[in-house]
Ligand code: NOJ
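Single chain ahead, by itself, as structure tokens, in the form predicted alone.
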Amino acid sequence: MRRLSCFLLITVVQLSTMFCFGQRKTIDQRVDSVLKLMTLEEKVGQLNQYNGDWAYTGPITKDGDKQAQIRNGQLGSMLNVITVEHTRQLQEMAMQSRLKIPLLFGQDIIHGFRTIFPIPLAEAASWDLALMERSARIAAIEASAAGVHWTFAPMVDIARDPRWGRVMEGAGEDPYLGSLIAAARVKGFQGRGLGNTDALMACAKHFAAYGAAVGGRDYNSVDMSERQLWETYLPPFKAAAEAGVATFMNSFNDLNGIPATSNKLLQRDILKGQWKFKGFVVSDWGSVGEMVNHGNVKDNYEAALAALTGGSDMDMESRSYRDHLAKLVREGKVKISLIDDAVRRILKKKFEMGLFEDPYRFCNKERQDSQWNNAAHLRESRSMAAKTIVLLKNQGQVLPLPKQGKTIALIGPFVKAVRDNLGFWSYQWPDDSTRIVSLWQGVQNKLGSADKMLYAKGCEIRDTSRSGFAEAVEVASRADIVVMNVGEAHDMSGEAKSRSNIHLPGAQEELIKAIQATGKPVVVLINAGRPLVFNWTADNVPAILYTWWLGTEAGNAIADVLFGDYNPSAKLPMSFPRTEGQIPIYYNHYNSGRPAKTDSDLNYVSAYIDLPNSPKFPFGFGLSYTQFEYGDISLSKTSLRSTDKLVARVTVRNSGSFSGEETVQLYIRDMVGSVIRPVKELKGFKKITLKPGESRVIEFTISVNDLRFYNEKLANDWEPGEFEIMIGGNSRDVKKMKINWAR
């Protein structure tokens, strides 16, 4: 008995020692331990991601042997599988495999999960980084509670062509603002760090230059210089990498003739080489196999070879890796070291997420239920939505509307719309009809009843029928004020939703003309996922609010702005063209050798003979119910050396009668460079709140780091010389001063 007790004691000590030693291993060591046990087929399996048989944001793909592959340890990840019931079911299958390597569950959590926030382009209009981080944080809390580990967001593509439908997913045209937003969203999704059960792995997409597709046509080719790539399109990706983003997704386009999915320059040289990125790269949906259509490989066998060699670690949905990688290794065409590197990167994230310790740690039914209808999240969604609404015009101070004493006619195809408020890349839940707040409901909530509210649809979104015009005009004639709600349906902007004509669709602008002719004060609300063209409305209607697609609380947020409970403060993150002929149009363009001095200058200069060069609404533009006056710029010095810092100050005064927020913007121009420099570049901004009559001195500190650019040798450096400092409320209306900066 005594000998048995000693033996048991020794065994316990040995096991304890082994356990403690295992706990002291680094994640890299633990990854290597698993990797050594894996067969080639199991390694290849980790490099594949399949869609679930429950479709939420992608098509259903049926594959009869999915479950067998999971049980055999031949699948690394799944997407479009949500709820703790479904994820647990599949994870239990993975735990039947030889090595019990857990699955990763990915999902397109773009602007909310259960609580839908404004589309990302709308959020960018808030210029509020803390709020954008917070909306991503809430999305992560809700999605992780439903069993999701990984979101395919943020999209950080710079976009200067509003014909491209995916502008709605990004932060607009500017690399400085886009970089700050990319970092904020990564931090929001990943929270306190991977391993916390309310954190999602973020994914910076689409790597790279997808937003520059020729003709604004989705999935199309991209052709640009490397200097343009580095200066404009790569900065937000670099910012995401520096913020610790867990994964990257490559893009559908080719870049200068090489598909991004197999682009060694992008994935191996820049991302994993120069930037030392330690996460993994996932292909976009089927993009490995789509290289056959591009024409640089003849079949999926060659596609698997090109993609893996080029640096794409995980194949989403093409089955090219599954069917061909093992054979390529055995034939000596793919080095096993490349397979091991890809597998190691994926396993490391699974360890960091804590899935090896507990594969079911994201499968907590109570936690899922607690986040299903989170009232605090709805309040934050409403607040964010109000902060994204851009006041484009308010002639005669039509807005804000009075809450009493006036009859209001609400006219247009979006007044009572529900689903369209969510926009593209959003979830459809069974109770959406009762959860999503329409404009009609939001105004009724604000007024307390519908006694002073009239309604007419007027027209449909897309067709040109005027059959509803007469009723709409009659309703408008009985009202004191008319609020019109027009725009794009939820499926008119987004992936594969490029438009050659970005005017208001159907007969909507004709309806606006008919209502404006009644002589009633008219307010136009425009719901959209991109900048639209609406010149007649912009020129003739007294008040215009750009209301984007605002999410679950859309109607309440719009009502908050309409009636003055929130004073609009948003600023445009993209230039709005006058017509498609100006596209691409963006504020930070280069000058030509014959620049037009004004919009009316046509004397052998770079100009249109039938259209001004300037946009209809410039980048950074947005009005308030109050007015802000900018004083002249004062500088700490006008001649500086490389070690100096410049302090630029401006006094901003609220000269109106409402308290309001203003985003003060700093721009710089390098007057002479070894390569042509943009006419202005955003280099800083500050959001301030001022009471009526209040003034504040706003200060920006500038160093030579703010002057850096990529020269013809792709060196990121600055050059001495003359610079222009500009400060204002948008990219067009600025105060200016010049300085000299020497080495």
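Throughout, we count residues from 1 along the sequence that is shown. In this text, all values refer to a predicted model and were calculated from it rather than measured experimentally.
Another form, the form predicted in complex with the named molecule, is not on view; read the next lines as being about it.
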- Message: With the partner left out here, check for me: in the model of the complex, does some heavy atom of Asp108 sit within 4.5 Å of the named molecule?
- Response: yes
- If you check in the model of the complex, is Phe252 within 4.5 Å of the named molecule, heavy atoms only? yes
- Check whether Asp560 has any heavy atom within 4.5 Å of a heavy atom of the named molecule in the model of the complex, and answer yes or no. no
- Item | Contact of Leu79 with the named molecule in the model of the complex (heavy atom, 4.5 Å) | yes
- Task: Using heavy atoms only and a 4.5 Å cut-off, decide whether all three of Arg499, Arg530 and Glu580 touch the named molecule in the model of the complex.
- Result: no
- Message: Within 4.5 Å, heavy atoms only, which of Asp670, Asp284, Asp161, Glu661 is in contact with the named molecule in the model of the complex?
- Response: Asp284
- Query: Pick from Glu510, Glu302, Glu495, Asp341: which residue has any heavy atom within 4.5 angstroms of the named molecule in the model of the complex?
  - Reply: Glu495
- Note on the structure: Answer among 326-334, 200-208, 114-122, 381-389 for heavy atoms within 4.5 Å of the named molecule in the model of the complex: the stretch 200-208
- Query: Which of the residues spanning 301-316 lie within 4.5 Å of the named molecule in the model of the complex, based on heavy atoms?
  - Reply: Met316
